[in-house]
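This document starts with one chain, in the form predicted alone, laid out as structure tokens.
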């Protein structure tokens, strides 16, 4: 088992990619701190983790609230004594609009959840990792941080900001044995975000969800779209000893998306 005896904190852990990561890490021997806004979902995932023979702590957490973040991290440390891996998965996809029509509300909440929230979680976790002189941090960025897509400026800006945060934090913590990397998923099927993006694209362009999915599939070299479990495998790699000399990097997990 690649994470035997380790402890992972996963934000946005109640469903989708976060749930997939939690279960994959548990199968590799990690105990899991599940953080998210919907306690019912977290408790459901906690039962699945327990069924795999690992401990799970389900904690309601709003990453935009620094007090909530610090409480969650402290409760996790009190329970397990350490945090070996941090997976910053909590996110929000904005309502689509041209830049000139984008509301302040959508701009603010998108950056607050995706970028500021991740900053706050990292800030709360890093001191404990530095004290132990080890740790792995994975940011969930997006292919939108690198490619040109219309109508989602706040999301693209926030996810690009995570790449800058990844490099900066890697530079600051490398001497303490902490690795910091980012994943950039493409279209990930079977998630709430996938459903919302389908709706937003249809609203803006008239493209049906079926046609969008078909177009996305035809735009990747492998001709197959990514699943939450694929992201979990990549997160496991970046959190395990297999990536012990990798830091400050971003890894596309998108099937080979052909973007400009």
Ligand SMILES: NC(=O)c1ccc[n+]([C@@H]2O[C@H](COP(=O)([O-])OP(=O)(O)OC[C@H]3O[C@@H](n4cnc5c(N)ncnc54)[C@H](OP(=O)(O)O)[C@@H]3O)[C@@H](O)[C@H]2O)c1
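Given the structure is predicted, the values throughout are model-derived calculations rather than measurements. Positions refer to the first chain, counted from 1.
In what follows, reference is made to the form predicted in complex with the named molecule, a form of this protein that is not presented.
For the three marked residues, 8, 76 and 137, no heavy atom of any sits within 4.5 Å of the named molecule in the predicted bound form.
Only one segment in the set 127-135, 169-177, 146-154, 88-96 has any non-hydrogen atom within 4.5 angstroms of the named molecule in the predicted bound form, and it is 88-96.
Put simply, of 188, 115, 122, 83 only one has a heavy atom within 4.5 Å of the named molecule in the predicted bound form, and it is 188. Only one of 63, 33, 235, 30 lies close to the named molecule in the predicted bound form, with a heavy atom inside 4.5 Å, and it is 63. The named molecule is not drawn, but in the predicted bound form it has no heavy atom within 4.5 Å of residue 208. Within this chain, residue 38 lines the site of the named molecule in the predicted bound form, having a heavy atom no more than 4.5 Å away.
At the 4.5 Å threshold, heavy atoms of residue 141 reach the named molecule in the predicted bound form. At a distance threshold of 4.5 angstroms between non-hydrogen atoms, residue 22 is out of contact with the named molecule in the predicted bound form.
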